[in-house]
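Quick setup: one chain, the form predicted on its own, written in structure tokens, and binding and motion questions come after.
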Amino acid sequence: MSCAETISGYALRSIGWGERLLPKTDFTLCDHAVLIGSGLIWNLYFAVFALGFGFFFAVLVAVARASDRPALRWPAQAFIFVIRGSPLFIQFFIAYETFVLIPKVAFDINLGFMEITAETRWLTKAWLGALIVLFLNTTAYTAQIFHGALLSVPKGDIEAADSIGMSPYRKFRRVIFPSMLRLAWASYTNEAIFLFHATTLVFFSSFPAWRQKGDALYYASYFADKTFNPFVPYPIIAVYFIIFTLILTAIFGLLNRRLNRHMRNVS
């Protein structure tokens, strides 16, 4: 099979398009690169959705953490402490065992005016269960970063907003939130990179790949097991992650310049 045929047959195999059977022998460098690259789609999926949802929930948790109300502050503190204090791999294990205990078929939710059926069997699959774990993990770490930034927002800016009669919501949206992002962005960039790299732990967790739609490490492990040579597939993974880390850093750098567009370099 030529490299073009390999790309056509296996480039999207990890999401169910293309050849169903994996190559068995005579693996080429193209086979390695294409299939591992195909699996990387899932790593990107985990990273994008966990970071996307985690960002917004982290803002809420950070605000609750900084609140004067104990009913908001204590649960936020407990959530951050538990997630940050336990290893991510253990969180995968506990979540999987918890999801297994939930009925795997469905359960009915009575809303009064209607009844809906919620599927639960997907929770034990990597595409949802592992995503939930990564989402909770990055939410806690990001919330702690944002909480520190909230405490560092200049008091003078807040007092100026109060002096002109801004409502609490408008003050947060126009003054506190932008300042918080500018102060936290460098640390949040590191968290985003860490979360992207942490997606490789999904392979080692108890969550099975749905219909053999595995991530990059799933295919790298397949090649290593078949060839007894880990020095080809694993460096390929490293190269892919380095490339996407550079892309991620560039994107966050552009966003950082956008956040600080009002600043001017003084030569």
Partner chain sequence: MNYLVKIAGAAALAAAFAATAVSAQTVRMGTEGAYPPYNFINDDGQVDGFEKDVGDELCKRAGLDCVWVTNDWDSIIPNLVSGNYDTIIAGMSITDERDEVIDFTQEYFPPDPSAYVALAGASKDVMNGVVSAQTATIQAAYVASSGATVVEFATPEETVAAVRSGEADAVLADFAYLNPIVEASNGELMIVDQSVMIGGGVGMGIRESDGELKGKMNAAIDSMKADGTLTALIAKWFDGRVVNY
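On a predicted model such as this, the values are computed, not experimentally measured, just so you know. Numbering follows the first chain given and starts at 1.
Keep in mind the form predicted in complex with the partner chain is missing from the figure; the text below concerns it.
> State the residue from Tyr96, Trp127, Phe172, Phe135 whose non-hydrogen atoms include one within 4.5 Å of the partner chain in the model of the complex.
Contact check passes for Tyr96.
> Using 4.5 Å between non-hydrogen atoms, is Arg73 touching the partner chain in the model of the complex?
The answer is no: Arg73 has no heavy atom within 4.5 Å of the partner chain.
> Indicate whether Arg69 is a 4.5 Å heavy atom neighbour of the partner chain in the model of the complex.
Arg69: no, not in contact with the partner chain in the model of the complex.
> Could you tell me if Phe57 has a non-hydrogen atom within 4.5 Å of the partner chain in the model of the complex?
Taking the distances in the model of the complex, the answer for Phe57 is no, it never comes within 4.5 Å of the partner chain.
> Examine Arg20 and determine whether its closest non-hydrogen atom to the partner chain in the model of the complex is within 4.5 angstroms.
Yes, contact at 4.5 Å.
> Can you name the residues of 216 to 235 that have a heavy atom within 4.5 Å of the partner chain in the model of the complex?
Contacting residues: Tyr218, Asp225, Lys226, Thr227, Phe228, Pro230.
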